[in-house]
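Given as structure tokens, the chain that follows is alone and in the form predicted alone.
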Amino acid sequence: MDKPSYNYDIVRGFVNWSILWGVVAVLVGILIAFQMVLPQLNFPPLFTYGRLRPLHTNAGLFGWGLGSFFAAFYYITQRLTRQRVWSDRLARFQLWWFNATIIAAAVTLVLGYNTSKEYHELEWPLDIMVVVLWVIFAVNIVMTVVKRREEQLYVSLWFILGSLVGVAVLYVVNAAEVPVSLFKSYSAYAGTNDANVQWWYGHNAVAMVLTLPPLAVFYYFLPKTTGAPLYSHRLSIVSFWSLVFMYLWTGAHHLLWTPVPDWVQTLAMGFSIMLIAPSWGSVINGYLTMNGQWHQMRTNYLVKFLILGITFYGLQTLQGPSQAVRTFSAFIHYTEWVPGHVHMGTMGWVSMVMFASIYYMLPHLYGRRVYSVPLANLHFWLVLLGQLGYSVSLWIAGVQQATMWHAMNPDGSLHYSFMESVLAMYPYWWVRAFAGVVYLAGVLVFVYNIAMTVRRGEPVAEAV
């Protein structure tokens, strides 16, 4: 009787733009993958691996990742609060400011303006744009929650609010810098402290951007998709608070065997191992929600995306802590194993969950059923095979690479030269490049299916 009128226009806007930036990220990723095996594909000075690699990561993490999270957050928050977004104008301004920031980031990175900090390469004027973007978004979401008509705060809202606070703290602290010109600055921290703050930021960017948001999405869309209630809301809340607390101490595991004090490294290593418990709390919660519903893995394409996504999250949260152990880190760090690990998270966990969320939202956003379920299933299999081809090939490559680096002759000299270890990587790099093409094919099927849904999908009434 008192059904609110939701703002779906802003959700549509972020869905469309995030997909565009996602396609750009995959295309650039494929290009730099082929540059590794075909150096002639480097076109200096602008289109070389060194310039394009940060463009790829920023377009993927922030263009596709954050853009799709913005869409899902606006959708989820409005529906869980039964309240229209607090300010339509602020939301619309955020959409255009988001795109202006992504474009400015792409241009400056290609031109070589780079702080050299992983996941925080943008120079100080861009940092200001990012802060403005995040403040606008946070204010709109928080005020929508404050004005809510639903007293209960479902777990997805906890993850959303945690992400808002976490990203703000991390970004501002790591962005402390001294500008010396329009596009050049120096970090406010020095030496080891700078490295420690950077990886406190870097690993917690994984937490607050690539963990809390997709978990918010997963916890909302899995029950909605299956029609089954979440197994345990209490377990989800315990997992949330445990993740937020433990993640903040893990960043220095990127700095094992460095001048960072041993106690800091040990602390990070210990908390990294402890992270397995709250991470798998969410995995187990998802699996137990599927009790009596596992047949939907055959009949419901959305469930396939969500369950494979949470499975890859579970694998990530076993692999990551193992890499944080000193002895294993000494063997595997700096090898191809690491990008294999990272891309299982981004291509498998995060992207699969977001693909499912967008498919689910389409009938609500456009009043039309998804154009083709068989195409959605084809999309699933292509991105699954592409991601597995990418990750597994690089895990194998990383083990071989590490073994060659550590091989010693009886007299204590290295058995293999560095160049020999590079040449041994070429077959795996070819597999990675073509696995990326397979993944791109899946993404293009996704784009086509959405376009055809908008144009020719069967009209339906807006679902509850």
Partner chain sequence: MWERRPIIFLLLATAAILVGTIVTMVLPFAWVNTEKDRIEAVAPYDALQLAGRDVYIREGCNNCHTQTVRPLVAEVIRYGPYSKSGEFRYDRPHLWGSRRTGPDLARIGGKYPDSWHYHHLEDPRSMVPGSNMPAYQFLETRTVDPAFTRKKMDVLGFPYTDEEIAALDGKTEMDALVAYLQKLGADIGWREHAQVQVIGELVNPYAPDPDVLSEGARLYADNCAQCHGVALDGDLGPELTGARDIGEAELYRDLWNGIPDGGMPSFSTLGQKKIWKIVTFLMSQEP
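Remember, it's a predicted structure, so these values are computed and weren't measured experimentally. Residue numbers count along the first chain shown, from 1.
Not pictured, yet referred to below: the form predicted in complex with its partner chain.
At the 4.5 Å threshold, heavy atoms of F312 stay clear of its partner chain in the predicted complex, well away from it.
In the predicted complex, none of the heavy atoms of F434 sits within 4.5 Å of a heavy atom of its partner chain. Using a 4.5 angstroms limit between non-hydrogen atoms, Y334 touches its partner chain in the predicted complex. Its partner chain is not shown here, but in the predicted complex it comes within 4.5 Å of a heavy atom of Y186.
Comment: its partner chain is not present in this chain, but in the predicted complex one of V107, I276, L153, V238 has a heavy atom within 4.5 Å of it, namely L153. The contact with its partner chain in the predicted complex, taken as any heavy atom within 4.5 Å, belongs to L161 out of V370, L210, L161, L133. With its partner chain left out of view, the stretch that reaches within 4.5 Å of it through heavy atoms in the predicted complex is, among 226-234, 79-87, 279-287, 246-254, 246-254. Using a 4.5 angstroms heavy atom cutoff to its partner chain in the predicted complex, none of G13, F93 and P459 count as contacting. Scanning 411-428 for heavy atoms within 4.5 Å of its partner chain in the predicted complex gives D411, G412, S413, L414, H415, Y416, S417, F418, M419, E420, V422, L423, Y426 in sequence order.
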